[in-house]
Each structure stands twice: as structure tokens, then as C-alpha cells.
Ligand code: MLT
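Presented below, as C-alpha cells, is a lone chain in the form predicted alone.
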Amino acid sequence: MKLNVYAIPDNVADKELKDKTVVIIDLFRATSTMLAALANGCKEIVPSAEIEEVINMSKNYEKDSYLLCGERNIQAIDGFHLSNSPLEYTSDKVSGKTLLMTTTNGTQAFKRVSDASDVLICSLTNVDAVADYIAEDQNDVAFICAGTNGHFTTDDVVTAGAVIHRLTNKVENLKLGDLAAVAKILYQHSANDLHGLLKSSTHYGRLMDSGLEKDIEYCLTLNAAPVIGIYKDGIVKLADKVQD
């Protein structure tokens, strides 16, 4: 099994993901938020790159069946029901709802994955579930890190490393690309102190400056939302609710 990590979506060349399992990571906070929503019973999530597109999509849904969700540059979007804090996505708010979501970085990555065989949503909050899925699937894997505004972020890469670390005990003959190998080592050296690793990173600092310490704590909690989210036909659902 071959594992490659892409530091940002723009690093993925055309057709490079063909027939591969793709794992999308935006630890702070989009994929962590999506997984929290799925774990708390939302019907589905429709990720979109643009605010206007989300608003236009909402016209196709009955009034009380959907929520407008997301952020721009960490800030909540005026007129939206929820921001991008996973702590907002409680069962009483999201259960049974379709979430129409746009974020600065995470939802942009979905534009790159049309050729993939499967697309998983990953965070530290479901790291064991993702590793188990990949180990059982036995397909080559590409981890796509969302990054921040087109730049590499340590938090996304170390999350990929957390999955890769677990796969070394589950899969024989792993072949790691260079960044996959680095991600694995980075996680192994810092697994017991992820806050210490990330506290000097840009995105961690911006969230702290915005008073979002509790969001950080949640996103760094291993297996807080131990579910598998699958992106197919433009929609994210729990794996057991995706039609083959």
C-alpha cells in the first residue's frame, strides 16, 4: 500500500488521485466540525467553496430542513446559523438536518477529489476509525491537507502522521512518500504533547488569539467523534448511509 501526503490541495496534480482513497484533513477546524456534526446525528453535509453558492443551494431545501454553516477567516458569517466551531454542532441543533457548509480552507479541498475511489473526512477526533477503514480497504491512499490560505500547516500534516503511525501496526509493506514519512515521525515525536508541538504554529496561534481555546482542545482530543464520514456525489454522510 502506497501512502502520500500533500501539504496543500494545490500540490495535487491532475489525475494523481485516480482510483485512490483520499483522506481530507482540516484539523482546525472544518473536518473536526463535520465529524462532530455527523456523530451528533446530522443528516448530511454539503461542502461548498463559496458563500454565495451555499446561499443559493439553500433555496432548494425546505425552510427547517437545513442549516447554513461556516466561517471566513475564523469569523462567523453574517446570517448563518452556525460558525465553524465543533462545539456548536450539538445533537439538539443538528440532528436530522442538512448542513450547507463553507469554510476558508477545508471545503476548498473537496474541489480536488473527483477522480478518487473513496473520500474520507479525517481529524484527530476520528483517527482510529480512519486507520481501521484504510487497513481494511487495502487501497493506495492520498492524504490532502487543507492548509491555511494556500500555505502548509503543521496541524494537518501531524494528523496525517497520526493515521500513518497507526497503519504501521495494521498493514504490511507500507510504502511512504517523503512527506508521509516526515508526518509519521513528527507525530511519533510529539504524540504526548501535541499542544507543545503546535502552540507556535500560525493557525493554532490565530485560534488562541480569537479566544477559541476550547475548540483547539476538542480538535486535539483523540477519537472524540469516532465515525467515518464519506464524501460522495457532493455530499458527506456517515459511511453506513452512503449508497454504493
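Start at 1 with the first residue shown and count on from there. Please read these numbers as outputs of a predicted model, since none were measured by experiment.
Another form, the form predicted together with the ligand, is not on view; read the next lines as being about it.
Name the stretch, out of 87-95, 162-170, 128-136, 100-108, where some heavy atom lies within 4.5 Å of the ligand in the predicted complex.
Among the listed stretches, the partner-contacting one is 100-108.
Spell out, yes or no, whether the shortest heavy atom distance between residue 30 and the ligand in the predicted complex is within 4.5 Å.
Residue 30: contacts the ligand in the predicted complex.
Is there a heavy atom of residue 186 lying 4.5 Å or less from a heavy atom of the ligand in the predicted complex?
Contact with the ligand, no.
Closest heavy atom of residue 118 to the ligand in the predicted complex, within 4.5 Å or not?
No, residue 118 stays farther than 4.5 Å from the ligand in the predicted complex.
Answer yes if any heavy atom of residue 207 is within 4.5 Å of a heavy atom of the ligand in the predicted complex; otherwise answer no.
Yes.
Within 4.5 Å of the ligand in the predicted complex, heavy atoms considered, which of 157, 77, 142, 74?
The residue in contact is 74.
Would you give me the residues of 183-203 that have any heavy atom within 4.5 Å of the ligand in the predicted complex, in order from first to last?
Read in sequence order, the lone residue that approaches the ligand (within 4.5 Å, in the predicted complex) is 203.
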